[in-house]
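First comes one chain, alone, set out as structure tokens in the form predicted on its own.
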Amino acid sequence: MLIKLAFRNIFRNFSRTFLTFLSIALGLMFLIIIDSMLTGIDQESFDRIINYETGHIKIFDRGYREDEENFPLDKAIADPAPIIKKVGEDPDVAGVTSRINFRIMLSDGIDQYPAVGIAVNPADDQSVFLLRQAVAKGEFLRSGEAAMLVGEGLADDFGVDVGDYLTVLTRTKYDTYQAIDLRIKGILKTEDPKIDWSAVVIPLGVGQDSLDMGRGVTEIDIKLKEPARIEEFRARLAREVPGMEIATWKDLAADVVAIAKAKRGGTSFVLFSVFVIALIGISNTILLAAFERTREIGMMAALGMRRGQIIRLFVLEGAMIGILGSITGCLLGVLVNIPFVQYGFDWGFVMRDVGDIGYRVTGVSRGVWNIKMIAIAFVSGIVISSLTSIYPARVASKMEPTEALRKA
């Protein structure tokens, strides 16, 4: 009985009801789309960090991370071979390799740009990273050859292509200056700004010789078969290779992880905004309906309808508006999100000018289907609408039958 009565009442003033549920629907729609895009950017950023920069776990020499931003070559792993062999035999390890990271100035004889040099072992780098697959033009490196890969952003800055030469200016382990002329063998397109905009990749042997590193490397990189067991593996690795620093990709990408956490706060703010919209819209709708129906309320009370039933009637009206808004908002959110998931949104026109903001995105970024958030949006719309109906419902229920009939 109450449900039929509530359903009839919400359409008495269709325009007012429509504007209220539409405002809720639009709020939930934007919540779903924003969460989809931000979650997609998070996942893409995490994948690119793991696949191009960190692997799942890195091993450093003791004290390296205290000065990590300066890429200290004097805090290197002097003889990585025994550690690589030991780690590689672990059944939980999918791949292991080693690298040297170092600061450089890249020059074409006229212009100079600061960049990061990465010396990789071409023989086993692909067991951990995806640089080989990211060569958009040219070929991947071979061990010992005097050649380089450059990110497409750097290549555009210098106006160079495969086959051209650039000079790498750097300092060795003993702080002496070194200049290396290298031919560009390939152009990298990873969609990771750390690589595409500011990285030069050279063979590990060339890096060791040019930087006076001997057999040393600055890091050993590990890819796990089961990434979910990363903390368990790190604890075991710390016991097996004492004296070294062990860091997971989350430790090394703390900036992106922090942004992802802050994003959750942004999503909560959107949900709070929907709550405010519902609070104002539904409270206004129910209060106006109550004042317009004073005679009806008086008659219902006079005929024996209890105060609790009157409250439930108006709460049901608010809940029904919330259901309409939630269904419409979720449907709109899903429909509008389809092209974002399938085709993505191209940030390329703005990201280079904005610069490095932590996220590993330079071009197209796709949304993802977050079923949990869609469910939260749907339930929240109904719950919020129901809760915001309680106060105006209580106001309506306090009307005395005789007073309500007299005012009517």
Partner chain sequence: MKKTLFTLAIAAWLAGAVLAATGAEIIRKVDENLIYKSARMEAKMIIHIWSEVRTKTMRTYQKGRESSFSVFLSPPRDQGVKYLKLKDNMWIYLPDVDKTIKIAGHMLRQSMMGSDLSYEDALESGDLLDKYTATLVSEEVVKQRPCFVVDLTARVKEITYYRRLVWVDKELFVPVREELFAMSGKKLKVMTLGNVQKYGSRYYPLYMSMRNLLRQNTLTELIITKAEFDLSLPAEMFTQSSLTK
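Given the structure is predicted, the values throughout are model-derived calculations rather than measurements. Numbering follows the first chain given and starts at 1.
Omitted from view is the form predicted in complex with the partner chain, to which the following refers.
- Put simply, Q133 is far from the partner chain in the model of the complex: not one heavy atom of it is within 4.5 Å.
- Although the partner is absent here, A94 lies well away from the partner chain in the model of the complex, with no heavy atom inside 4.5 Å.
- For the chain shown alone, D124 is not a contact residue for the partner chain in the model of the complex, no non-hydrogen atom being within 4.5 angstroms.
- At the 4.5 Å threshold, heavy atoms of G109 reach the partner chain in the model of the complex.
- Exactly one listed residue, out of V160, L169, A238, A146, brings a non-hydrogen atom to within 4.5 Å of the partner chain in the model of the complex: L169.
- Interface residue among E226, E89, D79, D175 relative to the partner chain in the model of the complex, by the heavy atom within 4.5 Å criterion: D175.
- Contact with the partner chain in the model of the complex, judged as any non-hydrogen atom within 4.5 angstroms, is confined among 244 to 252, 137 to 145, 204 to 212, 323 to 331 to 204 to 212.
- Contacts with the partner chain in the model of the complex, taken as any heavy atom within 4.5 Å, map within 80 to 103 to R103 alone.
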